[in-house]
Ligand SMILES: Nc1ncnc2c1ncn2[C@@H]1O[C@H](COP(=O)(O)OP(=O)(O)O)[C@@H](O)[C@H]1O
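Presented as C-alpha coordinates, the chain that follows is alone, the form predicted alone.
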(Lines give C-alpha, C1' and ligand atoms only; values in the text may rest on other atoms or scores of the structure.)
Protein backbone atom coordinates (compact mmCIF):
# COMPACT_ATOMS: atom_id res chain seq x y z
CA UNK A 1 0.00 0.00 0.00
CA UNK A 2 1.35 3.42 -0.95
CA UNK A 3 2.00 5.93 1.84
CA UNK A 4 3.38 9.42 2.36
CA UNK A 5 6.98 9.58 1.15
CA UNK A 6 6.67 6.82 -1.45
CA UNK A 7 8.50 7.70 -4.68
CA UNK A 8 6.66 6.85 -7.89
CA UNK A 9 8.67 6.39 -11.09
CA UNK A 10 6.88 7.08 -14.39
CA UNK A 11 8.16 7.42 -17.94
CA UNK A 12 9.24 11.04 -17.59
CA UNK A 13 10.39 11.33 -14.01
CA UNK A 14 9.93 10.58 -10.33
CA UNK A 15 7.33 11.90 -7.88
CA UNK A 16 7.24 11.78 -4.07
CA UNK A 17 3.76 11.24 -2.63
CA UNK A 18 2.97 13.86 0.01
CA UNK A 19 -0.75 13.79 0.85
CA UNK A 20 -3.87 12.03 -0.48
CA UNK A 21 -6.27 14.40 -2.25
CA UNK A 22 -9.20 12.28 -3.39
CA UNK A 23 -10.33 8.74 -4.06
CA UNK A 24 -12.82 6.77 -6.09
CA UNK A 25 -14.00 3.18 -6.38
CA UNK A 26 -10.67 2.06 -7.77
CA UNK A 27 -8.32 5.04 -7.74
CA UNK A 28 -6.57 7.42 -5.37
CA UNK A 29 -5.11 10.85 -6.18
CA UNK A 30 -2.08 12.19 -4.32
CA UNK A 31 -0.47 15.59 -4.07
CA UNK A 32 3.11 14.84 -5.10
CA UNK A 33 6.40 16.64 -5.52
CA UNK A 34 8.14 16.35 -8.89
CA UNK A 35 11.72 15.31 -8.14
CA UNK A 36 13.09 16.05 -11.61
CA UNK A 37 11.53 19.53 -11.84
CA UNK A 38 10.25 22.34 -9.67
CA UNK A 39 6.64 22.16 -8.61
CA UNK A 40 3.76 19.96 -7.57
CA UNK A 41 1.57 17.53 -9.46
CA UNK A 42 -1.40 15.27 -8.86
CA UNK A 43 -0.47 11.58 -9.12
CA UNK A 44 -3.37 9.25 -9.89
CA UNK A 45 -2.87 5.60 -8.93
CA UNK A 46 -4.95 2.45 -8.89
CA UNK A 47 -6.00 1.59 -5.33
CA UNK A 48 -4.19 -1.73 -4.91
CA UNK A 49 -6.07 -2.65 -1.74
CA UNK A 50 -9.42 -2.24 -3.50
CA UNK A 51 -8.06 -4.05 -6.54
CA UNK A 52 -7.09 -7.10 -4.48
CA UNK A 53 -10.60 -7.34 -3.02
CA UNK A 54 -12.41 -6.95 -6.35
CA UNK A 55 -13.49 -9.91 -8.50
CA UNK A 56 -11.44 -10.51 -11.67
CA UNK A 57 -14.01 -8.96 -14.02
CA UNK A 58 -14.09 -5.75 -11.98
CA UNK A 59 -10.30 -5.66 -11.76
CA UNK A 60 -10.12 -5.84 -15.55
CA UNK A 61 -12.71 -3.07 -15.88
CA UNK A 62 -10.81 -0.77 -13.52
CA UNK A 63 -7.53 -1.32 -15.33
CA UNK A 64 -9.25 -0.71 -18.67
CA UNK A 65 -10.68 2.57 -17.34
CA UNK A 66 -7.23 3.79 -16.29
CA UNK A 67 -5.71 2.82 -19.66
CA UNK A 68 -8.61 4.57 -21.45
CA UNK A 69 -7.97 7.79 -19.53
CA UNK A 70 -4.26 7.76 -20.31
CA UNK A 71 -4.85 7.00 -23.98
CA UNK A 72 -7.38 9.79 -24.33
CA UNK A 73 -5.23 12.41 -22.63
CA UNK A 74 -2.15 11.40 -24.63
CA UNK A 75 -4.21 11.80 -27.80
CA UNK A 76 -4.96 15.46 -27.08
CA UNK A 77 -1.48 16.61 -28.13
CA UNK A 78 -0.73 19.31 -29.18
CA UNK A 79 -2.11 20.48 -25.87
CA UNK A 80 -4.78 23.17 -25.67
CA UNK A 81 -5.01 23.10 -21.90
CA UNK A 82 -7.79 25.61 -21.38
CA UNK A 83 -10.55 23.41 -20.01
CA UNK A 84 -9.21 19.83 -19.81
CA UNK A 85 -6.80 18.75 -17.09
CA UNK A 86 -3.30 18.27 -18.49
CA UNK A 87 -1.50 14.93 -18.49
CA UNK A 88 2.15 15.52 -17.54
CA UNK A 89 3.48 11.97 -17.34
CA UNK A 90 2.30 8.37 -17.31
CA UNK A 91 3.55 4.83 -16.87
CA UNK A 92 3.08 1.96 -14.44
CA UNK A 93 3.39 1.59 -10.69
CA UNK A 94 3.40 -1.91 -9.16
CA UNK A 95 2.11 -3.28 -12.44
CA UNK A 96 -0.84 -0.89 -12.66
CA UNK A 97 -1.36 2.18 -14.91
CA UNK A 98 -0.45 5.49 -13.25
CA UNK A 99 -0.36 9.11 -14.33
CA UNK A 100 0.84 12.55 -13.22
CA UNK A 101 -1.57 15.41 -13.89
CA UNK A 102 -1.43 19.15 -13.39
CA UNK A 103 -2.33 20.08 -9.81
CA UNK A 104 -5.34 22.37 -9.43
CA UNK A 105 -7.30 23.70 -6.45
CA UNK A 106 -9.74 20.88 -5.74
CA UNK A 107 -12.98 19.93 -7.39
CA UNK A 108 -15.92 22.19 -8.14
CA UNK A 109 -18.30 20.08 -6.08
CA UNK A 110 -16.36 20.64 -2.86
CA UNK A 111 -15.92 24.33 -3.68
CA UNK A 112 -19.64 24.84 -4.27
CA UNK A 113 -20.55 23.01 -1.06
CA UNK A 114 -18.24 25.26 0.95
CA UNK A 115 -19.46 28.43 -0.75
CA UNK A 116 -23.13 27.52 -0.30
CA UNK A 117 -22.55 26.72 3.38
CA UNK A 118 -21.06 30.19 3.75
CA UNK A 119 -24.01 31.81 1.95
CA UNK A 120 -22.00 32.61 -1.16
CA UNK A 121 -23.64 30.84 -4.14
CA UNK A 122 -22.08 31.56 -7.55
CA UNK A 123 -23.43 34.61 -9.33
CA UNK A 124 -25.51 33.89 -12.46
CA UNK A 125 -22.75 35.18 -14.70
CA UNK A 126 -20.21 32.84 -13.08
CA UNK A 127 -22.58 29.89 -13.47
CA UNK A 128 -22.94 30.65 -17.18
CA UNK A 129 -19.18 31.13 -17.55
CA UNK A 130 -18.39 27.77 -15.93
CA UNK A 131 -21.03 26.08 -18.08
CA UNK A 132 -19.42 27.60 -21.16
CA UNK A 133 -16.00 26.33 -20.12
CA UNK A 134 -17.35 22.82 -19.62
CA UNK A 135 -19.09 23.04 -22.99
CA UNK A 136 -15.71 23.90 -24.50
CA UNK A 137 -14.14 20.88 -22.82
CA UNK A 138 -16.89 18.60 -24.11
CA UNK A 139 -16.40 20.01 -27.60
CA UNK A 140 -12.76 18.95 -27.42
CA UNK A 141 -13.67 15.49 -26.13
CA UNK A 142 -16.24 15.01 -28.90
CA UNK A 143 -13.93 16.37 -31.60
CA UNK A 144 -11.39 13.70 -30.66
CA UNK A 145 -14.01 11.00 -31.15
CA UNK A 146 -15.07 10.29 -27.57
CA UNK A 147 -18.01 10.86 -25.21
CA UNK A 148 -17.31 11.50 -21.52
CA UNK A 149 -20.38 9.99 -19.78
CA UNK A 150 -19.52 11.11 -16.24
CA UNK A 151 -19.81 14.88 -16.19
CA UNK A 152 -20.45 16.13 -12.63
CA UNK A 153 -19.03 18.78 -10.27
CA UNK A 154 -16.68 16.23 -8.70
CA UNK A 155 -15.01 15.70 -12.10
CA UNK A 156 -14.43 19.42 -12.67
CA UNK A 157 -11.23 20.82 -11.19
CA UNK A 158 -11.07 24.46 -10.13
CA UNK A 159 -8.41 27.06 -10.81
CA UNK A 160 -9.30 29.55 -8.06
CA UNK A 161 -7.08 32.36 -9.31
CA UNK A 162 -8.45 32.27 -12.85
CA UNK A 163 -11.96 31.24 -11.66
CA UNK A 164 -12.05 28.60 -14.37
CA UNK A 165 -12.73 24.86 -14.35
CA UNK A 166 -11.16 21.94 -16.17
CA UNK A 167 -12.77 18.62 -17.02
CA UNK A 168 -11.09 15.54 -15.53
CA UNK A 169 -11.57 11.79 -15.01
CA UNK A 170 -11.87 10.17 -18.42
CA UNK A 171 -12.05 6.55 -17.34
CA UNK A 172 -15.68 6.21 -18.47
CA UNK A 173 -14.95 7.64 -21.95
CA UNK A 174 -16.34 5.66 -24.87
CA UNK A 175 -15.50 6.04 -28.53
CA UNK A 176 -18.15 7.79 -30.61
CA UNK A 177 -17.70 5.21 -33.37
CA UNK A 178 -18.65 2.48 -30.86
CA UNK A 179 -22.35 2.61 -31.70
CA UNK A 180 -23.58 -0.43 -29.81
CA UNK A 181 -25.44 -0.37 -26.53
CA UNK A 182 -23.02 -0.68 -23.60
CA UNK A 183 -22.92 -1.60 -19.93
CA UNK A 184 -23.75 0.86 -17.17
CA UNK A 185 -21.22 3.64 -16.54
CA UNK A 186 -21.28 7.01 -14.82
CA UNK A 187 -23.03 8.56 -11.82
CA UNK A 188 -26.80 8.27 -11.45
CA UNK A 189 -27.37 11.83 -10.16
CA UNK A 190 -26.16 13.33 -13.44
CA UNK A 191 -27.40 10.90 -16.08
CA UNK A 192 -29.65 11.37 -19.08
CA UNK A 193 -32.63 9.01 -19.32
CA UNK A 194 -30.90 6.86 -21.95
CA UNK A 195 -27.92 6.42 -19.62
CA UNK A 196 -30.02 5.48 -16.59
CA UNK A 197 -32.87 3.51 -18.15
CA UNK A 198 -31.53 0.64 -20.28
CA UNK A 199 -32.95 -0.31 -23.65
CA UNK A 200 -32.59 -3.57 -25.50
CA UNK A 201 -29.06 -4.81 -24.90
CA UNK A 202 -27.90 -1.98 -22.65
CA UNK A 203 -27.49 1.79 -22.69
CA UNK A 204 -27.43 3.75 -25.97
CA UNK A 205 -25.49 7.00 -25.51
CA UNK A 206 -23.84 9.64 -27.70
CA UNK A 207 -22.60 13.25 -27.47
CA UNK A 208 -26.09 14.45 -26.53
CA UNK A 209 -25.91 12.32 -23.40
CA UNK A 210 -23.09 14.60 -22.24
CA UNK A 211 -25.23 17.64 -23.08
CA UNK A 212 -27.97 16.41 -20.74
CA UNK A 213 -25.40 16.25 -17.93
CA UNK A 214 -24.32 19.78 -18.89
CA UNK A 215 -27.93 20.90 -18.44
CA UNK A 216 -28.13 19.21 -15.03
CA UNK A 217 -24.91 21.00 -14.10
CA UNK A 218 -26.27 24.37 -15.28
CA UNK A 219 -29.38 23.92 -13.15
CA UNK A 220 -27.26 22.93 -10.14
CA UNK A 221 -24.93 25.92 -10.52
CA UNK A 222 -27.78 28.41 -10.79
CA UNK A 223 -30.20 26.89 -8.25
CA UNK A 224 -27.82 25.29 -5.78
CA UNK A 225 -29.64 21.95 -5.80
CA UNK A 226 -30.12 18.86 -7.91
CA UNK A 227 -33.09 18.44 -10.18
CA UNK A 228 -35.68 16.26 -8.44
CA UNK A 229 -35.38 13.86 -11.36
CA UNK A 230 -31.62 13.59 -10.81
CA UNK A 231 -32.00 13.19 -7.06
CA UNK A 232 -34.57 10.42 -7.60
CA UNK A 233 -32.20 8.55 -9.92
CA UNK A 234 -29.35 8.87 -7.44
CA UNK A 235 -31.48 7.70 -4.50
CA UNK A 236 -32.84 4.76 -6.48
CA UNK A 237 -29.31 3.68 -7.38
CA UNK A 238 -28.19 3.90 -3.75
CA UNK A 239 -31.07 1.69 -2.62
CA UNK A 240 -31.52 -0.71 -5.54
CA UNK A 241 -28.21 -0.71 -7.42
CA UNK A 242 -28.55 -2.36 -10.82
CA UNK A 243 -32.31 -2.62 -10.33
CA UNK A 244 -32.64 1.15 -9.81
CA UNK A 245 -34.22 1.93 -13.18
CA UNK A 246 -36.90 -0.72 -12.79
CA UNK A 247 -37.64 0.42 -9.23
CA UNK A 248 -37.97 4.06 -10.31
CA UNK A 249 -40.25 3.17 -13.21
CA UNK A 250 -42.45 1.19 -10.84
CA UNK A 251 -42.55 3.94 -8.20
CA UNK A 252 -43.52 6.64 -10.73
CA UNK A 253 -45.53 4.42 -13.06
CA UNK A 254 -43.18 5.46 -15.83
CA UNK A 255 -40.24 7.80 -16.14
CA UNK A 256 -40.42 10.87 -13.88
CA UNK A 257 -40.43 14.23 -15.69
CA UNK A 258 -36.99 15.80 -15.90
CA UNK A 259 -37.74 19.53 -15.39
CA UNK A 260 -40.80 20.37 -13.29
CA UNK A 261 -42.62 23.73 -13.77
CA UNK A 262 -41.60 25.01 -10.32
CA UNK A 263 -37.98 24.09 -11.06
CA UNK A 264 -38.09 26.05 -14.32
CA UNK A 265 -39.56 29.01 -12.43
CA UNK A 266 -36.86 28.81 -9.77
CA UNK A 267 -34.15 28.73 -12.44
CA UNK A 268 -35.64 31.75 -14.23
CA UNK A 269 -35.86 33.70 -10.99
CA UNK A 270 -32.28 32.91 -9.96
CA UNK A 271 -30.80 33.71 -13.36
CA UNK A 272 -32.65 37.03 -13.54
CA UNK A 273 -35.81 37.55 -15.57
CA UNK A 274 -34.08 39.65 -18.22
CA UNK A 275 -31.82 36.69 -19.06
CA UNK A 276 -34.44 34.05 -18.35
CA UNK A 277 -35.65 33.55 -21.91
CA UNK A 278 -32.32 32.52 -23.52
CA UNK A 279 -31.04 30.71 -20.42
CA UNK A 280 -34.24 28.79 -19.73
CA UNK A 281 -34.64 27.99 -23.41
CA UNK A 282 -31.17 26.45 -23.41
CA UNK A 283 -31.84 24.56 -20.17
CA UNK A 284 -35.02 23.03 -21.60
CA UNK A 285 -33.18 21.88 -24.72
CA UNK A 286 -30.26 20.40 -22.80
CA UNK A 287 -32.63 18.51 -20.51
CA UNK A 288 -34.92 17.23 -23.25
CA UNK A 289 -35.89 13.64 -22.56
CA UNK A 290 -35.27 12.58 -26.16
CA UNK A 291 -31.65 12.96 -27.36
CA UNK A 292 -32.94 14.15 -30.75
CA UNK A 293 -34.44 17.22 -29.06
CA UNK A 294 -31.16 18.32 -27.46
CA UNK A 295 -28.57 20.56 -29.12
CA UNK A 296 -26.63 18.73 -31.80
CA UNK A 297 -23.38 20.63 -31.39
CA UNK A 298 -21.42 22.70 -28.87
CA UNK A 299 -21.76 25.79 -31.08
CA UNK A 300 -25.51 25.90 -30.47
CA UNK A 301 -24.91 25.80 -26.73
CA UNK A 302 -22.18 28.43 -26.92
CA UNK A 303 -24.44 30.86 -28.77
CA UNK A 304 -27.27 30.44 -26.27
CA UNK A 305 -24.89 30.95 -23.34
CA UNK A 306 -23.48 34.06 -25.02
CA UNK A 307 -26.98 35.47 -25.49
CA UNK A 308 -27.82 35.00 -21.81
CA UNK A 309 -24.41 36.26 -20.72
CA UNK A 310 -24.75 39.42 -22.79
CA UNK A 311 -27.91 40.33 -20.90
CA UNK A 312 -26.25 39.69 -17.54
CA UNK A 313 -23.25 41.80 -18.56
CA UNK A 314 -25.41 44.80 -19.47
CA UNK A 315 -25.14 47.57 -16.81
CA UNK A 316 -28.89 47.65 -16.16
CA UNK A 317 -29.70 43.94 -16.30
CA UNK A 318 -30.85 43.79 -12.67
CA UNK A 319 -33.25 46.69 -13.06
CA UNK A 320 -34.48 45.21 -16.35
CA UNK A 321 -35.33 42.03 -14.47
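Positions refer to the first chain, counted from 1. Predicted model, so just to flag it, every value in this text is computed and none were measured.
Keep in mind the form predicted together with the ligand is missing from the figure; the text below concerns it.
> Every residue in 269, 276 and 312 with a non-hydrogen atom within 4.5 Å of the ligand in the model of the complex?
Replying inline: Spot residues vs the ligand: no contact at all.
> the ligand isn't shown here, but in the model of the complex, which of 289-297, 249-257, 276-284, 40-48 has heavy atoms within 4.5 Å of it?
Replying inline: This holds for exactly one stretch, 40-48.
>> Can you work out which of 154, 125, 136, 234 has a heavy atom no more than 4.5 Å from the ligand in the model of the complex?
In response: By the 4.5 Å heavy-atom cutoff, the listed residue in contact is 154.
> the ligand isn't shown here, but in the model of the complex which of 141, 213, 101, 227 has a heavy atom within 4.5 Å of it?
Replying inline: The residue from 141, 213, 101, 227 that makes the contact is 101.
>> Would you classify residue 194 as touching the ligand in the model of the complex, given a 4.5 Å non-hydrogen atom cut-off?
In response: Judged by the heavy-atom cut-off of 4.5 Å, residue 194 is well away from the ligand in the model of the complex.
>> Against the ligand in the model of the complex, would residue 305 count as a contact residue? Criterion: heavy atoms within 4.5 Å.
In response: Answer no; every heavy atom of residue 305 is more than 4.5 Å from the ligand in the model of the complex.
>> So, residue 107 and the ligand: in the model of the complex, are they within 4.5 Å at any heavy atom pair?
In response: Answer yes; at least one heavy atom of residue 107 falls within 4.5 Å of the ligand in the model of the complex.
> Does at least one non-hydrogen atom of residue 17 fall within 4.5 angstroms of the ligand in the model of the complex?
Replying inline: Judged by the heavy-atom cut-off of 4.5 Å, residue 17 is well away from the ligand in the model of the complex.
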